[in-house]
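Just one chain follows, in the form predicted alone, and it is written as structure tokens.
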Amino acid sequence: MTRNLPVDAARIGADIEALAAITEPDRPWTRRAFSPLFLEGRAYVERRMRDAGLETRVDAAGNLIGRRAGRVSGKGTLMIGSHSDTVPDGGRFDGIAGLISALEVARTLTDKGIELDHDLEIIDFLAEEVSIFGVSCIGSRGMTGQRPAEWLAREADGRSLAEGIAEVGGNTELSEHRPDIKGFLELHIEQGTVLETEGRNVGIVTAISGITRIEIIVEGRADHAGTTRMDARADALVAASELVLDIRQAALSLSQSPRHFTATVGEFRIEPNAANVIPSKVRLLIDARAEMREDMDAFCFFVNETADRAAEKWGVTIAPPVRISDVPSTPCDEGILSILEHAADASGISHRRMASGAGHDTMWLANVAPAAMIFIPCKDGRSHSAEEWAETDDIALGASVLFEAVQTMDKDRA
């Protein structure tokens, strides 16, 4: 890289490599929340926070925080960060790139003798990925008062989530209330190929897509596979298979607009699942993600209509599809988006606006404070896999945008 960046790319790369080394030896790169390796990784991050002159603590929700005091008392807090936990057999950059970039912003401010009016906090959110307790974004939901109370009783490996939070230093007897948050930023790998394909340095994330999961139950009739005539069957699998193809076609149609939309049949269960029996029952679970709510509503209407047509065509029964979860999309703050664009332009860093198809801690912060994200490219769009890769130079470009944006936000949030 020939650019003269304010941040230290080598320092970013060294920290990411050091965290990557803290993994299950036979399962790179695995460091799941609530595991001994997660605590080891957290200890490394906390040491690096202290080396940077940050005051560290773990809040009641179990988030690790490194604080850099502002020069004006009571002005509020700017937050930047991400998460250090991984999925099983996951990557080295999902979450970690954003966390280390946030730490690098704090170090660079100190290196250059820059004081902010606001307090600055670097956040390692607890369990952004789906945890052993079956839930995700535990720390960001907890910090913002959006963690369901019943979650604390969930159990895994002989302990409750409440006990797991206590093990990492949190305290579920206390509640987090942070009216002081004036703005939040998160850097993340794109987990897609848009930036790489277009040759852009960063993505300015306009919204985090909503996620709706829809269950469809198709009921046919079990019969002998060798003796029942082909025109006398009520085959649940045939009807379900056609539904899968129709769902894909509808998603393709909706994704042709500039807006983000995807739909995936990720779970598919057949009964009785025997070679010589015509399938009598199939369960499908659709994961649909939309940047705009009207696209999701249109898709759900399509699913209902298509299910009715398939039932009539194939002589099966399909109950009305059920939305088993429905999280709306989360828009990012327009003011901060403009700040990010100006920060990129000032450094000659190419960018484009885009939506996120994946969930992030930012979506929970955005419900209580102005928040936004930036994406940096990752090779072939691979993520949640051992092959996940992002170039250190690309991460440094994103960290430079963060660095400039934080300084502008420090003045703007006044």
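A residue's number is simply how far along the shown sequence it sits, counting from 1. Small disclaimer: the values here were computed from a predicted structure and weren't measured.
Quick note: we don't show the form predicted together with a further copy of the same chain, though the next part is all about it.
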Worksheet, complete the sentence: Assert contact_stretch over 259-267, 72-80, 137-145, 154-162 against a further copy of the same chain in the predicted bound form, heavy atom within 4.5 Å, equals 259-267
Item to complete: Give a yes or no for residue 279: in the predicted bound form, does one of its heavy atoms lie within 4.5 Å of a heavy atom belonging to a further copy of the same chain?
Response: yes
Discussion item. So in the predicted bound form, is a further copy of the same chain close enough to residue 200 to count as touching (4.5 Å, heavy atoms)?
Written reply: no
Item to complete: Consider residue 383 of the chain shown here, and say whether it contacts a further copy of the same chain in the predicted bound form, taking contact as heavy atoms within 4.5 Å.
Response: yes
Discussion item. Is residue 358 part of the interface with a further copy of the same chain in the predicted bound form - any heavy atom within 4.5 Å?
Written reply: yes
Discussion item. Is a further copy of the same chain in the predicted bound form close enough to 171, 311 and 322 that every residue in that trio has a heavy atom within 4.5 angstroms of it?
Written reply: no
Worksheet entry | Selected contact from 287, 167, 111, 215, since only one has a non-hydrogen atom within 4.5 angstroms of a further copy of the same chain in the predicted bound form | 287
Worksheet, complete the sentence: Answer key: of 244, 300, 292, 116, within 4.5 Å of a further copy of the same chain in the predicted bound form (heavy atoms) is 244
Worksheet item: Quick one: which residues from 176-212 get a non-hydrogen atom within 4.5 Å of a further copy of the same chain in the predicted bound form?
Response: 190, 191, 192, 193, 194, 197
